[in-house]
Every structure is written in C-alpha cells, then in structure tokens.
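Just the one chain here, the form predicted on its own, laid out as structure tokens.
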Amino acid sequence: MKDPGRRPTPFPRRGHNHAKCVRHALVAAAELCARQGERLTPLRRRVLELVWSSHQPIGAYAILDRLKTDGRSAAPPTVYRGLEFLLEQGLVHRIASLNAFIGCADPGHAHSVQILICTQCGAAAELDDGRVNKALGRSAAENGFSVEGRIVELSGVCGSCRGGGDRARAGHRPHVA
C-alpha cells in the first residue's frame, strides 16, 4: 500500500522501461503537432527521440554527433532549428545551466517547471509544483517584477545516489522529463 503522505519521485525506479517513455513522447508529439497544425518532420522527430534517448540531459552537439552516426548530414543550425521548434511546441525544456535539453513530461499546455539535476548520476527530473510557482510569482510581484517565463533549476543529489540505491550502483544515468 502506498504511503498517502509520500509523493512519488519524478526519477525513474529500478526496472524502468525507458523505451515506453520514448514511444509515449513521440506519440504525444505527433498528436500535439497535428492539433496545432505543425509539421513534425522526420528530422524534428529524430531530434526529439534523441532528447528522450535517456533520462539524462543532452546538448545540441551530442545530438549532432548522434545524427551523424545515423548517417545524416546535419549541421549545427539544423539541430538548433529542430530544438527551437520542439521548445516552441512545448515538447522539450532547456536546462540553461547545462546548455542541454530534456523532454517535457507534460506537453500540450504551458506550465512552469522546476528541474531537479543530480550532480552525481546526471539525472534530470521535471516537476510542476504549483506551490513553488505561486511563491515565486508572489515574491516577484512584491518586488515589482512581471514574470514572463519560469524554469527553476535545482542541483543536488537524487534519492538513489543519496541512499546508494540500485540505480547509482548500476551507473544508471536517467533523464526524466
């Protein structure tokens, strides 16, 4: 039985089926783009798939290297245009402190996120905690500031690494979004 006072972790558990995450993300992206009248071209789809390829943030040049491994002739502007499209559609989030990207766990609506970044295993997890959003909005307003966008990045140690869980011992480096 679940402990009602305990919130589920946004980081994947042992035995996590990551292929399911990738499939879900690609289906959600295709549906979202169709609803919005946007084209999820094969290249954009592949860039999204690469962002979701693990539960670890990935940079544009790592994506470029993977595209070249696929046999595609891609240049940095191509990757950046693909990532820009995915950002505009709300399918990925940019982690400024790492200059990297993670897939959005809840695409399809604008939302403010808090991103937890594990400094030991490299995991990144997306949260959307309304309490944090309200506190930040209230504090900003009290200081005469009008918030236009909100991504909060927090660095620390995930539960598996802190507790020496199976994922940390196995070297699992997730990228949750």
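Numbers follow the displayed sequence, beginning with 1. No experiment lies behind these values; they were computed from the predicted model shown.
As for the form predicted in complex with the DNA, it is not shown, yet the points below apply to it.
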Taking the DNA in the predicted bound form as the reference, which of Thr41, Ser139, Gln36, Thr119 has a non-hydrogen atom within 4.5 Å? Thr41
Okay, which stretch from 42 to 50, 147 to 155, 119 to 127, 28 to 36 lines the DNA in the predicted bound form, with non-hydrogen atoms inside 4.5 Å? 42 to 50
Determine whether any heavy atom of Ser97 comes within 4.5 Å of a heavy atom of the DNA in the predicted bound form, and answer yes or no. no
Within 78 to 100, the residues that have a heavy atom no more than 4.5 Å from the DNA in the predicted bound form: Thr78, Tyr80, Arg81, Arg94, Asn99
